[in-house]
Each structure stands twice: as structure tokens, then as C-alpha cells.
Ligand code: HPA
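Here you get one chain, nothing else, as C-alpha cells; it is the form predicted on its own.
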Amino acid sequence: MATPHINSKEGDFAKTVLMPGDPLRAKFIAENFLENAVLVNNVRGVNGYTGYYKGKRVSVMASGMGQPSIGIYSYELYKFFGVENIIRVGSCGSFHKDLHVRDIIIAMGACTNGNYASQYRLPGTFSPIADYDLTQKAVNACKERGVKYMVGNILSSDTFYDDANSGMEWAKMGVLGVEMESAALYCNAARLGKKALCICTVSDSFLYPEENTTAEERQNSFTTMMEIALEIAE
């Protein structure tokens, strides 16, 4: 059952996997939110755990950074380990004037400057989108908690250090913010008939740089999105 990147057995993963980019964030979620959490993967230090949240069996595993990395891990989870739902819980930069640090973006769609979808040889441009049911549940969970959130497009960028400084070009098209993984996740879910959603906490702002967070804060303090993802896990 093991794959090149996941050394687990059949049944080790729950139907729903929360997927942060950072392995330490996966560890944080397992230790602080899951009961009876068991380490089920540690290939290359990419920690995966399965436990229980309010009686629901849930897994959490890191994706690493970038579309190639989440593309590998999410594909193997969907294809070989019986996973049905992957909820990315990540951090992002905001382009929008009404979004500040620690606000939530629910990524209904994922634009990209990458070529992940070119593998499908489609006669046009594929638009990677989230699962509607998971999106609706996330919106309802935010409303119930009084969490400030926005739903819309996010940019999955293949570059962090962007020589063209193109972020605000995407903003003029209504794109809310930028991260590096969601488009590939949504492509894999579409291709394999699975469900996916990206919930991001704003960690820094292109408009309000004085609000930006530290690496430790991103790892340990973005608990609201973690709780929302756990609540909507199926």
C-alpha cells in the first residue's frame, strides 16, 4: 500500500484529511485538537496523523510548499489511500482592502500562473474550483462563529519572490489573495472525482505590511481555520 511518498497501510487515513503546508502545523493540529492521534506517515519528515475530533475520525498531513508538492501528496491520498475530502488549511497574502491579518479566505476558485493543468491536454483553460458542499459548510461555520471571512478567487503562484511584482495585477480581477497550492489540489480532486477546499488565514497583506505575522505565529496561532476545517470534516 505504501507509495513513494507515503509509507502507510490501507485504512490508516480517514476519509477527510486536513492539509497544512507546514509539517509543524500538522503536528500542532494533531496534538491540540485530535484525540488518540497516531502518526501514520513520516516519509521525508512530512508528518501525517489520524485521530478523532468530537467523535469523528479525521487525519491531518502536511503538503509541503508549492503545487508540485501538494500535487504529489493529494494525488496519492486520493488515489491509493481512500481519502475522499482534502481541506487545505494554509496561510496567504491578501490583496484586498477589506482583508486584514487573521481574516479568513474561503477559496471558491484558484487562479494560477503555473502549468499544473497542462498535463490533462485540454483544448482550453481549466478553471480549478472548490467543492460546493464543503464551501457552503465552511461559510456556515464562519457565520456561526462570527468570523470575518470572504469567499472568492485566490491565486496559486509558482513564485514567492516575483520579479514582475504581479500580485496587484491579479487583484484588479477581484482575486483576494495569494498562496501556492490550491490550484493543484483542486485539479487533482476534479480529475479523481473527489472533494477539496482551501481555507486560508491571512498571514500578511500587500496593503497593510505592518500587520504581517511571524513564522511561529503562522504555525501555532491560526486556530480558527483549523477549527472550522475540523467542524466540516465529513
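Since this is a predicted model, take the numbers as computed values, not measurements. One-based numbering along the sequence shown.
Below: the form predicted together with the ligand, not depicted.
Considering the ligand in the predicted complex, the lone stretch of 52-60, 198-206, 66-74, 34-42 in range is 198-206 [heavy atom distance within 4.5 Å]. With a 4.5 Å cutoff on heavy atoms, residue 92 counts as touching the ligand in the predicted complex. Among residues of the shown chain, residue 120 is not one whose heavy atoms approach the ligand to within 4.5 Å in the predicted complex. The closest heavy atom approach of residue 80 to the ligand in the predicted complex falls outside 4.5 Å.
For residue 30, no non-hydrogen atom is located within 4.5 Å of the ligand in the predicted complex, even though that partner is not displayed. The single contact residue among 180, 176, 26, 187, judged by any heavy atom lying within 4.5 Å of the ligand in the predicted complex, is 180. In this stretch, 51-74, not one residue has a heavy atom within 4.5 Å of the ligand in the predicted complex; the partner itself is omitted from this view.
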